[in-house]
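In structure tokens, the next block holds one chain alone, the form predicted on its own.
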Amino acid sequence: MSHDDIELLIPGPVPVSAEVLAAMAEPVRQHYGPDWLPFYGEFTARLRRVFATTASVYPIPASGSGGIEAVLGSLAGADGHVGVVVNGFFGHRLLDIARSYSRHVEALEVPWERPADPEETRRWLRARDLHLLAVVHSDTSTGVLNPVAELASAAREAGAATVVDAVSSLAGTPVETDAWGLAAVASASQKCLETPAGLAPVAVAQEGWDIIDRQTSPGCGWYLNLRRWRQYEREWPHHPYPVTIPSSIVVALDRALRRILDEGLTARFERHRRAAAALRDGLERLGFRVLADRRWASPTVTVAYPPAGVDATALIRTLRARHRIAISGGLMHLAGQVIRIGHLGSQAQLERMQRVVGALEACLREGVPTTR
């Protein structure tokens, strides 16, 4: 079996359109200077539209975790008092990143099956005098969507700013950086943005810069320090970033952004919602138990327990071998217990969801070998 006949329905990376791949295959362009900068200005304008912001945006060459480290590390500094919502694997990653910068980090532990409650979060923040709240919007380990707008409002009432991991939500469900009053947001190119991995776009609002500028003990680092990115943006107009950005991936992401905006964000969000609902309905019909309640289920990934007696790991292997569809398994304590199916970006199509449900049904009907 070759890799090119496997349909990727993992929670990213996602299949990339021929149009975006063709853009990436164009001759490599110089990443600075008069021929590049007009294009770069149009690219960042499109990126702002997807982030729903007038803030600073930077296409940091990194995975999504690199973008998260850039925003969280820069705003936390060496002595920031940070609270982290932990209700999934990637909430734990936020916690690890925050603790690698500051000694004053506390975790709000929430059961993985539900989102953080805004009122509970407000009380928790006030009791601890924390100044920054970090939260994953859509955690691909659980399929739970945290109510970021309400959490940011609660944090603001408690005197805290909000940093968001929107790696698997940006361009798949609303992320309103300005309207929700977010200090900074980080995402990744390989999920709902429908581009190969390699860029971690981030947005930094004025509140985020105010926090950074007030720090008495700035964060460490150079490459992922947003002060450095702002410095080059201001002082190096011909080269407004401190590193060599991968121009071919930027060109590909720009092509993807054009496609996203041509579709329209509202229509796109509805497409993701419908695909998620169709998948959930199909899984439940087959006897799967979806981890996230419908009230807070993510529109970009679904996590489910197989029917009784069916081994999750064996089911994933069987689906790939017999039907050439790749899905993912669980993380941390959910390892070997659940399956994870992505419906991000190009995956969020009704026919794709119908195909994976049909393939799962065939696997269950034909029998799934045990891994034990």
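Residue indices: 1-based, along the sequence shown. These numbers were taken from a predicted model, which means no experiment stands behind them.
Beyond what is shown, the protein has a form predicted together with a small molecule; the following relates to that form.
- Proximity of residue 65 to the small molecule in the model of the complex falls within the 4.5 Å heavy atom cutoff.
- In the model of the complex, no heavy atom of residue 131 sits within 4.5 Å of the small molecule.
- Contact check for residue 93: a non-hydrogen atom falls within 4.5 Å of the small molecule in the model of the complex.
- The closest heavy atom approach of residue 190 to the small molecule in the model of the complex falls within 4.5 Å.
- Among 148, 203, 163, 167, the residue placing a heavy atom within 4.5 Å of the small molecule in the model of the complex is 167.
- Between the small molecule and the residues 177, 121, 140, 87, the one pair within 4.5 Å by heavy atoms in the model of the complex involves 140.
- Contact with the small molecule, judged by heavy atoms within 4.5 Å in the model of the complex, is confined among 65-73, 320-328, 23-31, 39-47 to 65-73.
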